[in-house]
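Encoded as structure tokens, the following chain is the form predicted alone, with no partner shown.
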């Protein structure tokens, strides 16, 4: 997607592989403490029109570590959104204050592509409806690279509500860039209606195929009245019993938040293959690297 400022990251389809590789190298340097950095002294607007814990706080942590002051808006509380101001007007007004960048989390009804044509500050997609969640897919891939050496050739099984998942949408794009396979598993109501994706009807078969198994949050608000959560756990849940089919060298992942006892049991978090908290740690490094690369002109 093109934009007025040409630095907005709204999807991964338009982000060159060379820039993804460079981002991972910057994150490596941050992890190793080798990045020569003295602070930018700028502001970054974090506009979260939908609830978030990991994404919001990791962007906020990344800003703090880089010497970028975060201007934070969480939902409608204490803002003019309570008075009827639209989300688009809010973004345009914040952009008029000239932050170095805008991090936006919103629903499908807001057109981030159109907004990126109206503002000078680059927009970073922090979760856009069902369209995508680029930084989540990037941190997932960085975690895979860290533990398995490379993303190329890996087999990512995504289990759960893929139809409504922005994380899965971004992985479909990123897999083409980094050369890993993506397959799906879950009840038919949870899967895309079309698309030519590899689908496993049996979780056991999918886990035997996978080198990385990722569970998605069951959107209880959407499915609990239509689908038995107990049946879901039995057939598709990441339980100790079900995960016996997964290789001991494979990874277990989840973008969060987790409904423990539905898509993943609490004891699975103690499995040595489980990298859920490492995903969170890596999320800070990836977002810090992204902001650093953007502000230093490397992105």
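Residue numbers count along the first chain shown, from 1. Note that the coordinates shown come from a computational prediction; the quantities given were computed from them, not determined experimentally.
Only in words, not in the display: the form predicted in complex with ligand CP, which the text now covers.
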Pick from 46 to 54, 29 to 37, 244 to 252, 231 to 239: which stretch has a heavy atom within 4.5 Å of ligand CP in the predicted bound form?
-> 46 to 54
In the predicted bound form, do 22, 149 and 177 all put a heavy atom within 4.5 Å of ligand CP?
-> no
Do residue 257 and ligand CP share at least one heavy atom pair within 4.5 Å in the predicted bound form?
-> yes
Should residue 105 be classed as touching ligand CP in the predicted bound form when contacts are defined as heavy atoms within 4.5 Å?
-> yes
Any chance residue 171 has a heavy atom within 4.5 Å of ligand CP in the predicted bound form?
-> no
Would residue 136 sit within 4.5 Å of ligand CP in the predicted bound form, counting heavy atoms only?
-> yes
